[in-house]
Every structure is written in structure tokens, then in C-alpha cells.
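Have a look below at one chain only, the form predicted alone, in C-alpha cells format.
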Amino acid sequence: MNGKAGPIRNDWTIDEIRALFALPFNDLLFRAQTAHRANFEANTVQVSTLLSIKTGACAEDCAYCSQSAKHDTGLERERLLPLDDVVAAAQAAKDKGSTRFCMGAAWRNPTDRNLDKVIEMIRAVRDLGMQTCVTLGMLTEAQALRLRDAGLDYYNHNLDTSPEFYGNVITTRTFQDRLDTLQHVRDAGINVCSGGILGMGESGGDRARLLQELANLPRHPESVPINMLVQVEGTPLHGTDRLDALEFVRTIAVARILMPQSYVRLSAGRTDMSDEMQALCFLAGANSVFYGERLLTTDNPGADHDRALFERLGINMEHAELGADRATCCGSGG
């Protein structure tokens, strides 16, 4: 790792990004691996665990989501989890090797009373020596500041897809709403976690535009989760044609080239990926995964399977210091 991969850019044109996608596969992976090795340890992966702290009954109409109140998916609605249950889950995640604990609540936006309870969870998880991340929907500027004061390390708020395709997936909030929340998080000095979902019926141009929006933010997200659509029966996107595996790998590689100092995370959809496909994603520059049997409401490979895969590939799990990569004290990378 030498940290020399050229200047960090926030002015990528769509033609430049399309040209990257069009490269021969081996050439693209070579460029991505070169950028990766210039900024990260070559064979190390950061491991996060995600817990749903409030499930179902969300007012949004995201066409991929089992938790929307507008879709009949058979999901049982649950209230906000008790603090003790969250702490127990975080401790179990830490014992299995996770360094970051992510908490997700199915809200359009949290009330201040909701936020009080989440702040208690953030402080309790940090007391275990873990990094913290939450995803709670849209935030106001004042709420972002409260989360910062609670010691939150990361806030997740995905752009999901391109601005042009966005209306085909979500109508209850705008693309600009998402950008506004990311700006509140950034202004508060919290690390940004933002990525998207592939395989929702979008075009290759939409995937390029999604990455352009992320890479041309004033500062790159510290963490960029790339999800493969998990098709849930009862959601409008159930039955969508599956994305070609190599196109998914290409998207990982282009994300690594555009945002060379960001963690690129393999997120939802890994249960439908072969070990060989995941190995290609790591070669393409992915260096973070969600770890544990569940991702909010969908399945994820078991921790034992992941550890076995890491061992086969010679990949080590990262051991991060608490707060070592706070947005207020580091560069544009994760």
C-alpha cells in the first residue's frame, strides 16, 4: 500500500465512466486492483454486522423493500428493540470478528423521541469498543448534529440508483431528499455510507450514473455498499430479470477506480453469489462485507461460511480501532 493512485477526483464525466465499463474485463480488473493496492492492504477485508432495530410498517414505497407498508410481503411488524437486545447482538457480532455494528430502522424519518432511544443504543455499542453505524431514513440538520454528539461513526443513506431511474423505484421521497440527508451528515462531521442496488431493471447507463453521483459528491463516501437486488415475493420488483454476474463485478471495479480511498462493500445478495463470484469482487476492489446470518430482513451467508471463504482466499479480517476513521480526522477515504 503506497497511497499513490493519482489525485482524488470529483469531476468524472459520464463518458469517462462508460469508457471504464467498456474496457476488456481483465484490463478493468487490473486497473481496479492497482487502485486498490495503492490505498489498502491487498488481502484485508473490513467486516460489519447489520441489525434491524425496528422492522416493518415503513411509509416509503421502495419497490425492492419487504418493509414497506405498501407491499404485502408477510413480514411481521416489530417495535423498536429493547436496548439490552441490541447490546447483546452487538456483543455477539464483536465476538465473531465484526468491527462495526450497523443498526437499521424502517422509518421514513426518525422523530426526536425515536432518536433519543437510538442514541442510547449508539452509546452502548461504542462502550463495547465497536464502531457504530445507523440507517434511519431522512435526517434534519439538527438530528445529524445530535447523532454526531452521541459519537456516531457512520450514517448509511443509499442513493439506490441513478436520478433518471429513481422514479421507477421510489415515489415517496425524491433523489434530492437523499442528497440533502447526505449533506446534513457530512456537514455534521459523520462518515458517510452511501451506495446503491443493482439488478432492479436499470440500464448500464443507470449504473454508470449512480457511480457518477457518488464519485462526484463534494467528498467521496467513506463506505460504498453495492447491493444485488434480493427479490422478495410481494414487492413490485419480484421477478425482475437477474443481473449478469460479470456486470456486477464490473460495477465493483468501476466503483473502486472512481473512489479509490473508499471502502467498497459487498452487501445484500451474497447468498445468490457463488464463492467464485465473490472472489472476483474482491479482486475488483471490494474490501468490506456484511457479516452474519441476517441483513435486516433477508438472508446472508453464515459467519462460518465467510470465514472459510476468507481462509481459502488468504484474506484477513481487519481489526479497526474505535473512531480511527472518523470523518473529522481523515481524508476522503474510509
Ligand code: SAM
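What you see is a predicted model, and the numbers here were worked out from it, not measured in a lab. Start at 1 with the first residue shown and count on from there.
Omitted from view is the form predicted together with the ligand, to which the following refers.
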### Query
Counting only heavy atoms and a 4.5 Å cutoff, which of 239 to 247, 113 to 121, 140 to 148, 220 to 228 contacts the ligand in the predicted bound form?
220 to 228
### Message
Against the ligand in the predicted bound form, would A303 count as a contact residue? Criterion: heavy atoms within 4.5 Å.
### Response
no
### Task
Examine D160 and determine whether its closest non-hydrogen atom to the ligand in the predicted bound form is within 4.5 angstroms.
yes
### Message
My question is simply whether C65 lines the interface with the ligand in the predicted bound form - judged by any non-hydrogen atom within 4.5 Å.
### Response
yes
### Query
Though only this chain appears here, would W107 touch the ligand in the predicted bound form if you measure heavy atom gaps against 4.5 Å?
yes
### Message
With the distance limit set at 4.5 angstroms and only heavy atoms considered, check whether A92, T271 and R307 all reach the ligand in the predicted bound form.
### Response
no
### Interface residue in the predicted bound form among I197, V192, L211, L152, criterion: non-hydrogen atom within 4.5 angstroms of the ligand
I197
### Task
Name the single residue among A215, L81, V232, V87 that comes within 4.5 Å of the ligand in the predicted bound form, judging by heavy atoms.
V232
